[in-house]
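Below, in structure tokens: the form predicted alone, a single chain.
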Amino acid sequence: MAVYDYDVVVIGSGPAGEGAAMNAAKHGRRVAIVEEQDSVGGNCTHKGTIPSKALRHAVKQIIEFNTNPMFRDIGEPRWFSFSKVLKRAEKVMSNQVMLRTNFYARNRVDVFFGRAEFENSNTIIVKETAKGDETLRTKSVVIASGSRPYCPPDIDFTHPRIYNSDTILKLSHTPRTLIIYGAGVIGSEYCSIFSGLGVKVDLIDTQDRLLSFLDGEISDALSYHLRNTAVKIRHNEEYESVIGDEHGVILNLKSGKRIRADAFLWCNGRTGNTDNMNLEASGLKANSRGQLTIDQHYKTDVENIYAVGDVIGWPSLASAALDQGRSAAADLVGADSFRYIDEVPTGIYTIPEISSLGKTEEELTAERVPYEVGQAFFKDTARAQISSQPVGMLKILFHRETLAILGIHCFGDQASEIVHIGQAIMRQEGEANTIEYFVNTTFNYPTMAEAYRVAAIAGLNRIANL
């Protein structure tokens, strides 16, 4: 058995693992990364963020072709199969793997493909490799092993018509009807993708409204636009049983409803990938969801072991995971750049997309904060009219007296990009963080960004005569 010595061993090569490995290597540490799959990138690249967003982009292009009258000179509306659209995502995934492989090579980070298993808190055995088991001795460990879909044992996920959010990427046909169980971020995104392909979707929500953590007006807007594409949303429902047969899948709900569809997609909950690494040998124990507890420096209960990304729970976003990994590495090398990631913009890639940061109206109302609202509707902006993307709005919540920006909420095309302008201003201190910035700054015209100026003027007009 080959034995290697390192300063840092990172388990998992998704965004969190990559962030940790790169930052530690940049600070002169000898770093190894262990990846259970046969190429780098983690679930983010192979099963999650990258494929789903590439799918969404392709479907969005199909929708534009089918709905824009200008394209009728080219041909009549047409629909594409899921497998054909997936080929576009596979190309992006391949490019991402190549890019990240080069990152590790340039930074002299050794990559081991196999399953990481603790022997103790300073020793990791890499199992199931092409060379046999290999031993990595290390001073520090960063666990960035990610998560996978939670699959309840009473549902037969081996059935060819029953999928979870990982296995759906192996779907080889386009169902006419689909049941999606779970209306969180992943369920809502796949709902948009399939309805955009012309699939009739039943979206089963265990809550009383979609994405209840969002500002209520934004959540309502998403519900309206999903229903406008013939999605049937069923709130406050729980499954009784899921039965697959040769013709499709029957979902029995506890409310007594019965729904049949060609296929079934489970998108309800995720589990941390900690169950196959002999965690107990390191002195750690995961909770019932496979997640690890950390302090404000991403340290676990074992002094030399850090944990970052999905394996620690909230916010379970690729953007936050990358920063968490970098921060954990900064802490273990003693760098000044450490920060605890506690302010993260939400990006939801439905069609149209959603992004938000800061407080919602509901939260401000409950906290008795005197706030006001400035809104800009995209249908009234020249850039949205030019791009034929008039659906959506930008909403700025600000303090009625100090004018400080309290929340940014955006629904519509490029929402995940637009929100970062507001984020940059919210991060400023004192008078720089007020809605007046958007009035006193000239924006390019026509742009989507000028929605900030429109919304700011509207908001200030609302308080002008108070």
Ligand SMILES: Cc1cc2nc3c(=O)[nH]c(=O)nc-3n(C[C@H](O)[C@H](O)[C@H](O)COP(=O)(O)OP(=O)(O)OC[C@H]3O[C@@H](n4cnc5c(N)ncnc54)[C@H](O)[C@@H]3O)c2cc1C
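Each residue number is its position in the shown sequence, starting from 1. Bear in mind that the values here come from a model prediction, so they are computed numbers and not experimental data.
Beyond the structure shown, there is the form predicted in complex with the named molecule, which is absent from this document and is the topic of what follows.
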Practice task
Considering only heavy atoms, tell me if Val34 and the named molecule come within 4.5 Å of each other in the model of the complex.
Solution key: yes
Exercise for the section: Please check if Trp266 has a heavy atom lying within 4.5 Å of any heavy atom of the named molecule in the model of the complex. Expected result: no
Problem - Residue contact check: Tyr181 to the named molecule in the model of the complex, 4.5 Å heavy atom - result: no
Practice task
Give a yes/no on whether Cys44 approaches the named molecule to within 4.5 Å in the model of the complex, heavy atoms considered.
Solution key: yes
Completion exercise
Within 4.5 Å of the named molecule in the model of the complex, heavy atom basis, the matching stretch of 114-122, 293-301, 223-231, 249-257 is 114-122
Handout entry: in the model of the complex, the one of Leu203, Ile396, Val141, Ala144 near the named molecule [non-hydrogen atom within 4.5 angstroms]
Key = Ala144
Problem - the named molecule: the contacting residue among Tyr163, Tyr104, Tyr190, Phe378 in the model of the complex [heavy atom, 4.5 Å] - result: Tyr190
Completion exercise
Those residues of 1-28 with a non-hydrogen atom no more than 4.5 Å from the named molecule in the model of the complex are Ile11, Gly12, Ser13, Gly14, Pro15, Ala16, Gly17
